[in-house]
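Next up: just one chain, as structure tokens, the form predicted alone.
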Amino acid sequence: MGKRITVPFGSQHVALPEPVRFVFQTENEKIVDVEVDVGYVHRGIEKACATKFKYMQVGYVVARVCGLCAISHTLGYVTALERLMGVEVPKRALYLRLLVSELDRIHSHLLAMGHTAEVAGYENLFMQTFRHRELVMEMLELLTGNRVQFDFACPGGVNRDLTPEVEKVLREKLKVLEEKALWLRDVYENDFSLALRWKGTGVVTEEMAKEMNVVGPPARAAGLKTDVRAEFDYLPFKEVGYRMVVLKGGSIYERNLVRALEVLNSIEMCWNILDGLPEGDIKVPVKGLPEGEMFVRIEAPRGELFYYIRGSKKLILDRVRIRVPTFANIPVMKELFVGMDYADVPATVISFDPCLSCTAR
């Protein structure tokens, strides 16, 4: 038995710029125990939404839970509000929401893939991935007005329409992005060094995924067939070519390959949305006051996002509750670390694409 050493990882670490802290107990580079503390930041957003902001303002507040997941949080809230109040959203608005949602998924997946490559030492792959991600950021800015933190969806529809001029530029950029995404898929499927470095490392089995409620790409990489887009009809995914990507293996390699394949499916959906975008209004008025309770599930880029709201015919809601995907994935991350080499920790953590901004809302 070697000497036991305590190694802190976070809340400030070059590989994990997030307010979470892991404390590892190691023996001869092997992790034998781990403690997790996610209590570094609490911003009180849920409480503020139920005490300070009117129900028509809450969608813009929850978008500030996380810049990268802004559209997912807004979608979760406005979908719950619309279902509670019986609002029928125009078909064109639903398609535009879906377009922004899938573009956001692409840029989030590329961020996770690039960051994992960076902490594992693949600097060139990191830079190439982030260069391709820039195309998506430009498209989102054209559509919404912002690169991140976009206030696009609103109660009753969306705030901006897609003009013919913007659509033309989107098609040009989407074509380039598709070529780059195909190249990335080829790298992740065929590069020998990536497979040698990541296959079999940080493995989540299908049984572990079921037992510990893993969500998002980590769950699908472990063979668990779970995706809210196939289970909860909050947007017309089936009309635009959505396909669930499921792999076996559950290691860092499969988690990144799932994202690479989902990027291609999201691009395909974006093409189909642009080709079949319905005509009509982009917004309908929302009248009255919310009464009762409602929950919705949204497939954010990192996994299932759960929103619950309750109102009693007042301008300010009685309750807003959010459960984010990282909160669901942290328990299995803790289990993976025991027995792992400490050198594999950064890539394993980042392969889950943790968002503590969402978790510590």
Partner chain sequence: MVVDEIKVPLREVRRTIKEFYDPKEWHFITVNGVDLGGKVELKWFFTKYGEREYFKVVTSEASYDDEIPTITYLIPSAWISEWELADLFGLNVEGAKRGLFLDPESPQAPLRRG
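Positions refer to the first chain, counted from 1. Keep in mind the model is a prediction, meaning the values are calculated, not measured.
Although it is not shown, the form predicted in complex with the partner chain is what the next lines describe.
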Query - Site check 215, 230 and 308: each within 4.5 Å of the partner chain in the model of the complex by heavy atom - result: yes
Report summary line: Here the chain appears without its partner; judged in the model of the complex, the stretch of 257-265, 194-202, 270-278, 286-294 with heavy atoms within 4.5 Å of the partner chain is 286-294
Query raised in the report: Contact between residue 224 and the partner chain in the model of the complex at 4.5 Å, heavy atoms?
Result: yes
Query - Contact test in the model of the complex: residue 167 vs the partner chain, heavy atoms, 4.5 Å - result: no
Requested in this report: Would you check, heavy atoms only and a 4.5 Å threshold, whether residue 83 touches the partner chain in the model of the complex?
Outcome: yes
Query raised in the report: Taking heavy atoms and a 4.5 Å cut-off, does residue 211 contact the partner chain in the model of the complex?
Result: yes
Query - 319, 313, 54, 30 - the one with a heavy atom within 4.5 Å of the partner chain in the model of the complex - result: 319
Query raised in the report: Using a 4.5 Å cut-off on heavy atoms, which residues of 318-353 contact the partner chain in the model of the complex?
Result: 318, 319, 321, 323, 327, 330, 331, 334
